[in-house]
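The chain below stands alone and is given as structure tokens, in the form predicted alone.
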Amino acid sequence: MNVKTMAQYAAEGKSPEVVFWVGCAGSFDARAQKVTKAFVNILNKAEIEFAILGNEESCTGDPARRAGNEFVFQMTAIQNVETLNGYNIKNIVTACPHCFNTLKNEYPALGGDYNVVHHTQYINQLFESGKLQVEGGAFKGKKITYHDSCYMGRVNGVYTVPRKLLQSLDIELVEMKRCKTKGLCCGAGGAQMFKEDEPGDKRINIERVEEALGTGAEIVAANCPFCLTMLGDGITAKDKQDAVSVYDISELIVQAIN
């Protein structure tokens, strides 16, 4: 996609407006890669000068810390802070709420102070500044429900912006019974993404998907790669994949601006 790295900018003696922190999922997971590409298309559409770290980017360390391995977290985080500070990076945008929370709230204690925004917040800024406009009515009138990811919602209190973006698409937004401050986890947080569920009556992602299906929505919108995986798996487990789609908000927006 001809995305420039920070190393390339540095070699030219230039600095981009913002660094796009792709994250592990956005780099390696086939489903999350689609979100990465959608967001890059949005940045290009808005003519934003941005860069990625490329091979210099490592995991933020979030899963290690959540799983209790503080040593691995700090080792990884300090390496990232040294890289970011070495390029004198100030502004970071990421499509992963886990990366967002760690970079924004946990890296300052290790010497990494940055202006970190989630990609939904950044897209909203582009709309408010007039750099982006919704042109298409691809989703007009469609019934969409929004799943609050834990790290954007209850952890960081971001509820309005994602819904504002969805409503700009002229859709019918239907809320699940548990939403906003009472939202339910998709089941992947706290490093649960990488292990089997604890013994119980029902998988959390199935319970969440049942709530989504109960709204009658045609589309379940999310803002997190972990949530995309868990919700998608839940929809498939309920054999509803032909009737209900799961999208990241950026994937909806990119179709509306093209």
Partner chain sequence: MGLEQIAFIVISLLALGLAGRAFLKIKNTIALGKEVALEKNPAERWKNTILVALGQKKMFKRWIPAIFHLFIYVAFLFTSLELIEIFIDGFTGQHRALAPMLGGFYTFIISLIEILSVLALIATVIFLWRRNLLKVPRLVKSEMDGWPTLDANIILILEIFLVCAVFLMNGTDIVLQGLDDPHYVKTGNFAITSWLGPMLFGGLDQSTLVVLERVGWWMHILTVFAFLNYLPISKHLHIFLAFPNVYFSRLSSRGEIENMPAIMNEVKSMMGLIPETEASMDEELPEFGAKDIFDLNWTNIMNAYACTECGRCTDVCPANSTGKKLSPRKIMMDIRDRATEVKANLESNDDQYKLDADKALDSTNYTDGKSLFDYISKEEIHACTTCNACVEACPIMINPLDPILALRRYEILTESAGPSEWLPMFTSVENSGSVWQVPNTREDWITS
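Numbering follows the first chain given and starts at 1. Because the structure is predicted, anything quoted here is derived from the model rather than measured.
Only in words, not in the display: the form predicted together with the partner chain, which the text now covers.
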Query raised in the report: Would residue 197 sit within 4.5 Å of the partner chain in the predicted complex, counting heavy atoms only?
Result: yes
Query raised in the report: Even though the partner chain is not shown here, does residue 142 get within 4.5 Å of it in the predicted complex, heavy atoms only?
Result: no
Report task. Please run the contact check for residue 164 against the partner chain in the predicted complex: heavy atoms, 4.5 angstroms, yes or no? Result -> no
**Report entry** Any non-hydrogen atom of residue 66 within 4.5 angstroms of the partner chain in the predicted complex
**Finding:** yes
Requested in this report: Determine which one of 166-174, 67-75, 88-96, 114-122 lies within 4.5 Å of the partner chain in the predicted complex, judging by heavy atom distances; exactly one does.
Outcome: 67-75
Query - Contact set, 94-128 vs the partner chain in the predicted complex - heavy atom within 4.5 angstroms - result: 101, 105, 106, 109, 110
